[in-house]
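The data below hold one chain only, encoded as structure tokens and taken in the form predicted alone.
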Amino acid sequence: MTAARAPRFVRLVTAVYLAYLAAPIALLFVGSFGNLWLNTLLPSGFTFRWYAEVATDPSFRRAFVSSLTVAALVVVLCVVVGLPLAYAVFRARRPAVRAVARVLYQLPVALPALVLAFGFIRAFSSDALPWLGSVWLLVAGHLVLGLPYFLQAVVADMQRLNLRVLEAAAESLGANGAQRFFQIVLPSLRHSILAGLIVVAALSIGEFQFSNLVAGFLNRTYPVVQLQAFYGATGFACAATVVLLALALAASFAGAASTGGAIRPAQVH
């Protein structure tokens, strides 16, 4: 393949891949406004009633609030737990300790969510710990699943910004540990923290496997309740899915925007 044809081939592959991604989403969007969709490529008729039914359905409204509540709690806990943990991993003196820590906090990414769910069911459905179905257990599971993405974003940004040099400079000027953390570390990481939290929130809102097994009836999240829509009208199921896609797209755009003003790595002269 010549150098002149390479860009054209890249554009073609990119266009095909984007069309492959966009086609199912476009069909869902069209179907959410269709009056009837049975064994045809496109639905017939046009209506807004599916969105009205989703908005007025008590189970979907409760699930929507539950998903946002769980995501908000997970975001708060990511800040409380994740920031000190990320800082401890970054400040570890021995490379072996940092490597082991990364393997451990990234382990939930490699394991299926079902494995974590089965473990939670086994541990928290006993008489000693009868917490299965509680919202706090659901939050704890989402925290385990989302925290690796937050830690990865923050630790990587710490290395990119060369915070050791910035902290050393602040220490030479008389700043103590608390001053360095709150006046140097946190302001420098504001973009990566925000981007990581948005990713965690998006993952929490869209998570299904763990929530389907662990959530109680009153704490069912939106994706869990959405499953029942596929046993009813097709237009209703499409509208419910489009709402979830809108949340995911909003989180994606917010995450992309949050990294737009990231500061450049520190330069040492």
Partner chain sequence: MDAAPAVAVALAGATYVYPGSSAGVRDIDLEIASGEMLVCIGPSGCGKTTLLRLIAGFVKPQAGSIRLGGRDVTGADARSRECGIVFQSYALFPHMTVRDNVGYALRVRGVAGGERAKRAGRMLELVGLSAYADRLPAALSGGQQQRVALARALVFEPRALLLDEPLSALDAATRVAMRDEIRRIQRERAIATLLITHDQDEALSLADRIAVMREGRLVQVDTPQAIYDAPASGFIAGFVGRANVLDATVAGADAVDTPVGRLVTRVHGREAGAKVAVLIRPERVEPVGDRETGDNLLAVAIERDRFFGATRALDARIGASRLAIETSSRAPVRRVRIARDAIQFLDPVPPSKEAT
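If you're wondering where the values come from, they're calculated on a predicted model, not measured in any experiment. Positions refer to the first chain, counted from 1.
The same protein also has a form predicted together with its partner chain, omitted here; what follows describes it.
In summary, among the residues 161, 132, 73, 193, the only one with a non-hydrogen atom within 4.5 Å of its partner chain in the model of the complex is 161. When contacts are judged by a 4.5 Å heavy atom cut-off, residue 175 counts as touching its partner chain in the model of the complex.
Among residues of the shown chain, residue 101 is not one whose heavy atoms approach its partner chain to within 4.5 Å in the model of the complex. Proximity of residue 165 to its partner chain in the model of the complex: non-hydrogen atoms within 4.5 Å are present. Using a 4.5 Å cutoff between non-hydrogen atoms, residue 156 does not count as a contact of its partner chain in the model of the complex. Of the residues in 211-229, none comes within 4.5 Å of its partner chain in the model of the complex through any heavy atom.
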